[in-house]
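The chain that follows stands alone, in the form predicted on its own, written as structure tokens.
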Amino acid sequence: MIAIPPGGIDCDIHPAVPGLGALLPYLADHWRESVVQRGMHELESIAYPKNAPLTSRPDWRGAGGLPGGDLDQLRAQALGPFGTSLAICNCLYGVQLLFSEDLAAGFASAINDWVRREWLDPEPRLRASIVVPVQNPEMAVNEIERLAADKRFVQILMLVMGEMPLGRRHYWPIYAAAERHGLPIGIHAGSGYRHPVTGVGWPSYYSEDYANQAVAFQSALTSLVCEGVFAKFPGLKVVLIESGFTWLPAHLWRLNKFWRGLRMEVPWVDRPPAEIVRDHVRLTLQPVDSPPQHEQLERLMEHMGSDAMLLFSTDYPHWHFEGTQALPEGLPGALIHKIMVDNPRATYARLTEALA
């Protein structure tokens, strides 16, 4: 097993909402009554299949309830084994599926308040991302402003697939608020399912859906660069969560090539896209879609062109690695320390403040 440096920061864990009933105390009166009267079902369409092995290691499922739904188990299974100093909670609950902007805003606020009360208050090592109703950027900004004073919220959470490419100006108010408060935008695998998850229509199987998430990240990243998001918001950081990372070098080679020939249509992209991405974009470690040979992994890391881009994550409780071996074999010790400690601190200013 690879030696784990102390003080590691886990940039992606998933507390599970145990059920819609858990959110009722945090919903406004109107929405609480509406949920009860309408008999609303769980908003779980972006979650892993409950009984699939990918959802959780068997020994992490616990006696009952959803994997990731118990704070004591999280302490024992995710924080303790890695000597984690801080961990960022990314709550995946189907707010983005709702067509009602008002209902989405109500649920986003309830989830954030639930995370704050049930997870952040009793466990000082936890931090969280702000869940926002991306269906309405104005409402999303209102939610960011409501929570920005609580320094335990360190990021704004969005999904990689939604109504439109993420670089479009429709979303710019969210990015402006993020830059204003020093909050990175965390873009997580997932979809609002307004459009097919592939460019050629709907797939038949979950395996296709999940594998195509990497392609969606390529599209989102290209949109952010070419639409000029980083030119407009030079202080913005974006974290691609659960995207994998081995696709990045080849995609940037291709993007650089076509930018050279088509740069006249995007004059705000005033330097090679790969340079912009290395300055503004980070990626979480898990799932590690790396080649099996150490030499191949070393070569891949050279192709990344930067040792500052990867952030440690376990993706707890999802099963993307073998037990506590969240770090792939073949990484040098200095790089491990950067991935686990230095890079997260440099990405999330609020984590640095907390550790200080």
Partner chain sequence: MTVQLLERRATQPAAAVKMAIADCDIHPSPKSMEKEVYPYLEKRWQRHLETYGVRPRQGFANGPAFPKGQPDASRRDAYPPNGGRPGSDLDFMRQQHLDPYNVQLGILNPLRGGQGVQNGDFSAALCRAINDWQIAEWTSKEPRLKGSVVVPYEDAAASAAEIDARAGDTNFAQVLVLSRTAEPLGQRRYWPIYEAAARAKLPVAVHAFGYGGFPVTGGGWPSYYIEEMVGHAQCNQSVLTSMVMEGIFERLPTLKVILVEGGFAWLPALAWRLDKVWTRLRDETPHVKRPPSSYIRQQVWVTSQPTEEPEPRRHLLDTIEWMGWDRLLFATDYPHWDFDDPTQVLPPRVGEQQRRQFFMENARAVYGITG
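Worth saying up front: this structure is predicted, and the values here are computed from it rather than measured. Positions refer to the first chain, counted from 1.
Only in words, not in the display: the form predicted together with the partner chain, which the text now covers.
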Consider the chain as shown here, without its partner, and state which of 42, 329, 307, 289 has a heavy atom within 4.5 Å of the partner chain in the predicted complex.
289
The one option of 212, 73, 142, 85 with any heavy atom within 4.5 Å of the partner chain in the predicted complex is 212
Would you confirm whether the three residues 207, 250 and 259 all fall within 4.5 Å of the partner chain in the predicted complex, going by non-hydrogen atoms?
yes
Want to guess which of 93 to 101, 190 to 198, 229 to 237, 148 to 156 is within 4.5 Å of the partner chain in the predicted complex, heavy atoms only?
190 to 198
Should residue 218 be classed as touching the partner chain in the predicted complex when contacts are defined as heavy atoms within 4.5 Å?
yes
Please determine whether residue 137 contacts the partner chain in the predicted complex, using a 4.5 Å cut-off between heavy atoms.
no
When the contact criterion is heavy atoms within 4.5 Å, does residue 113 count as touching the partner chain in the predicted complex?
no
Examine residue 266 and determine whether its closest non-hydrogen atom to the partner chain in the predicted complex is within 4.5 angstroms.
yes
Check each residue of 292 to 315 against the partner chain in the predicted complex and list those with a heavy atom within 4.5 Å, in sequence order.
292, 296, 299, 300, 302, 303
